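One chain is shown next in structure tokens, namely the form predicted alone.
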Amino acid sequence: MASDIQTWVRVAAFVGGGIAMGVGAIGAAVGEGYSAACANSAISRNPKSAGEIFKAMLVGQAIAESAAIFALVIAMLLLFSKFPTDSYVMVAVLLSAGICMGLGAIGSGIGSGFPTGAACIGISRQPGIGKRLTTNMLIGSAVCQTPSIFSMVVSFILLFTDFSQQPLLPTFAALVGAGLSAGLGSIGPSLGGGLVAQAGCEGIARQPTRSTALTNIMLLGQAVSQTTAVYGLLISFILLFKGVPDSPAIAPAAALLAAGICMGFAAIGPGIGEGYVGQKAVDAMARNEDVTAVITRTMLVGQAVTESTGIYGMVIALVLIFVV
């Protein structure tokens, strides 16, 4: 029996590592490709600024790459670390860590590409504010990486916490649910944050004198769009650390797994939707500064309403964990 557990733990580590790096590479590649595409367009519009555009592209691509690097770290740990082989719970731990980081890297990679592309185009139009655009791009792209960091944290907790003494059921389901909650829950907020940051760079290129105000509203819009990723992280932590009694029944395990799935998917739409709201708000402020207060209020109300569906998902996830 011990050898059987050892075999399955190794299988889970290999599969988890493959998922972490394979899925985690998607977003970074897309974001980097989008950045390079915009850089080419920008250079064709203003060849004299090719050097500065090229540097902004590389810096932005490096940030987008960071999500894939997070996935690489988790994959390497899964492939080359020695894990306890005294419980089948480790199978869930390793699979969940890989799934969590792989999914968590998708949105951050793509989202970071949006402000980079906008910054490259902006530099071609306004060469004199290249440093300002690059700074705004760095801030916006960094915020987009936050959800992938959440996923990496959950993956580290899974890998470095001893769950082997927990009962197989329903712990197996709780751990997988935790990975899905944090991993899926990071996709929408990262994409939404990227949309807002894109508008921030475009707005500064249009109105350089309002760069501080536009950066502030950009950060506000990004902050709200990130909240559902926090919900995903919260449900993930509850699933990881809430003690679950041993039960051979399938229903309690299904409830915990469903909680993670519910919160993970419920966080995607609000994150993207709030990003659209923030994107148009920043764009509108760049075009008409006289209505800044009205636009800010409308953005916050619109994002709050969009947020409600993520809250519904969190409520159902909590019911599944504590009530059902």
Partner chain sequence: MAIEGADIVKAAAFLGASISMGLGAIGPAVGEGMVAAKTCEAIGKNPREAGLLTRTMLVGQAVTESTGIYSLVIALLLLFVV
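Model, not experiment: these values are computed from the prediction. Numbering follows the first chain given and starts at 1.
The discussion below concerns the form predicted together with the partner chain, not included here.
Although the partner is absent from this view, Ala254 contacts the partner chain in the model of the complex, with a non-hydrogen atom inside 4.5 angstroms. Ile250 belongs to the set of residues with a heavy atom inside 4.5 Å of the partner chain in the model of the complex. Heavy atoms of Val30 never reach within 4.5 Å of the partner chain in the model of the complex, leaving it off the interface. Taking non-hydrogen atoms only, Ala25 never approaches the partner chain to within 4.5 angstroms in the model of the complex.
Judged against the partner chain in the model of the complex with a 4.5 angstroms heavy atom cut-off, the residues Ala284, Leu320 and Val324 are in contact without exception. This chain appears without its partner; in the model of the complex, the one residue of Ala68, Ile63, Val277, Met57 with a heavy atom within 4.5 Å of the partner chain is Val277. Along 292 to 324, residues Val294, Ile295, Thr298, Met299, Val301, Gly302, Val305, Thr306, Ser308, Thr309, Tyr312, Gly313, Ile316, Val319, Leu320, Val323, Val324 each place a heavy atom within 4.5 Å of the partner chain in the model of the complex.
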